[in-house]
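Starting off, we have a lone chain in the form predicted on its own, written out as structure tokens.
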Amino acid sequence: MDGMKNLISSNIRKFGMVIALVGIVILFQILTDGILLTPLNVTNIIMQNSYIIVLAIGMMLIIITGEIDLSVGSVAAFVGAVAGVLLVSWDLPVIVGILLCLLLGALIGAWQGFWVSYFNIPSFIVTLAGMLIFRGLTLVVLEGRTIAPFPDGFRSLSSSFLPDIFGGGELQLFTIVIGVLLSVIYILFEIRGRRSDIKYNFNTTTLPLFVAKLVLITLIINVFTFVLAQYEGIPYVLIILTLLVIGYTFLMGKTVVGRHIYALGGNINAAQLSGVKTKKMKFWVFVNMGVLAALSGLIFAGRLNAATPQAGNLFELDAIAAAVIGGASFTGGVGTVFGAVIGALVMGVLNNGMSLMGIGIDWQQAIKGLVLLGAVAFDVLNKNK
């Protein structure tokens, strides 16, 4: 019991958001008469929220440094518009077009990071200006019209699935096999990590709690892949999201760069005195945000199969809300990639569940605002305690 109390008390925000997500899922599963967790709708939730999850990961890093980026929606729209010109109007190869768009996102991030990092202009002002600039450039590039359709190779980025190499028919056997393999890899990784912690006398959870955690996570992985296997299997965009989550979790938890980002947001003066190159670090965080905003724009354009002037509207608010609900603090130095994903899923399930119930967009916005306010209030109360 002591081990359980310590585990919960040290991860109260993380457990709170996971419990909130589970509660929201159960609530809408009941209110929608079981439609929410059907294989088709689970796949839709993943694909509909993929671009917000990508943005939430980048926004989490921005907020951890104590900054904000209001331009991500406009950048996503601008990059989608450029992708439309490159791939549809100019007929460039898909790979070349994607790489050029990601490079454009990096340049945009570098432009904004330069003003924030080296001129000390508040990020709120710089990115607010960026929001206006790139929304205007989107209209200029598209000339007020929609460009469509994209090539099949580009659309597969956000709307296609892994083929079933085993030919399982209605049940995608390859997806189930992937779930089993992921479970084995996860178990081996966790056992290796626990042995390393014990070897160096680090604090570890008790063996029963460790085993319970392995069983629970393994069960979740296999149930999730089984649900996906009943429809079309694993979408390509889910593979992209998984690689991003694993990569950024490793970056923030296991590398010097990740430690420096947390130090920068926690106390910039202490970080400078400790030898952290704070300006350079903040600059590269904005470059990273630009690349992820570009990727988000490509995914959204591929799913919509069109580059439109209205793309990216309110994406920045959804990304900020996902990061804050997932545990980020505007004071900086606090937040996790896992939390950003949980926050994005909370927003996504809310949107999907309310849409299934026929709730209008006006009430959806109001309810999401209340959820965001409640998450921040929970964070403030938790810190006060």
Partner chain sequence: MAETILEMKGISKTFPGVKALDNVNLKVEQGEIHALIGENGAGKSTLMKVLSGVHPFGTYEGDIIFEETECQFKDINESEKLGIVIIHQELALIPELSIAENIFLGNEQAKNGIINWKKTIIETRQLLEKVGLKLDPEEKIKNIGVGQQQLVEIAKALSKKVKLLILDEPTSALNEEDSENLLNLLLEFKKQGMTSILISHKLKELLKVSDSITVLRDGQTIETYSVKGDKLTEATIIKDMVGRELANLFPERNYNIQDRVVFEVKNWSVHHPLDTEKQILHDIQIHVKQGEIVGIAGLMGAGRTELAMSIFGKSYGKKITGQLFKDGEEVTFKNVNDAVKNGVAYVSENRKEYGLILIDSVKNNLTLANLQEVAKNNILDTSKEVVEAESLKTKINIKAPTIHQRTINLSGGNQQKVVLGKWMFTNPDVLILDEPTRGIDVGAKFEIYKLINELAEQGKSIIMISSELPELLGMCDRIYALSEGRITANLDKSEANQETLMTYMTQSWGS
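The model shown is predicted, which means the values in this text are computed figures rather than measured ones. Numbering follows the first chain given and starts at 1.
Keep in mind that the form predicted in complex with the partner chain is not shown, yet the notes after this line are about it.
Taking the partner from elsewhere, H260 is found to have a heavy atom lying within 4.5 Å of the partner chain in the predicted complex. Although the partner is absent here, R303 is not a contact residue: none of its heavy atoms lies within 4.5 angstroms of the partner chain in the predicted complex. The partner chain is not shown here, but in the predicted complex it comes within 4.5 Å of a heavy atom of V256. Of the heavy atoms in Y186, none are within 4.5 Å of the partner chain in the predicted complex.
Just one of P163, P208, G275, G144 comes within 4.5 Å of the partner chain in the predicted complex, counting any heavy atom, and that one is G275. For the options G153, G266, P93, P122, the residue carrying a heavy atom within 4.5 angstroms of the partner chain in the predicted complex is G266. Here the chain stands by itself, but in the predicted complex one stretch of 312 to 320, 331 to 339, 47 to 55, 24 to 32, 331 to 339, has heavy atoms within 4.5 Å of the partner chain. The partner is not shown here, and in the predicted complex the stretch 116 to 153 never reaches within 4.5 angstroms of the partner chain through any heavy atom.
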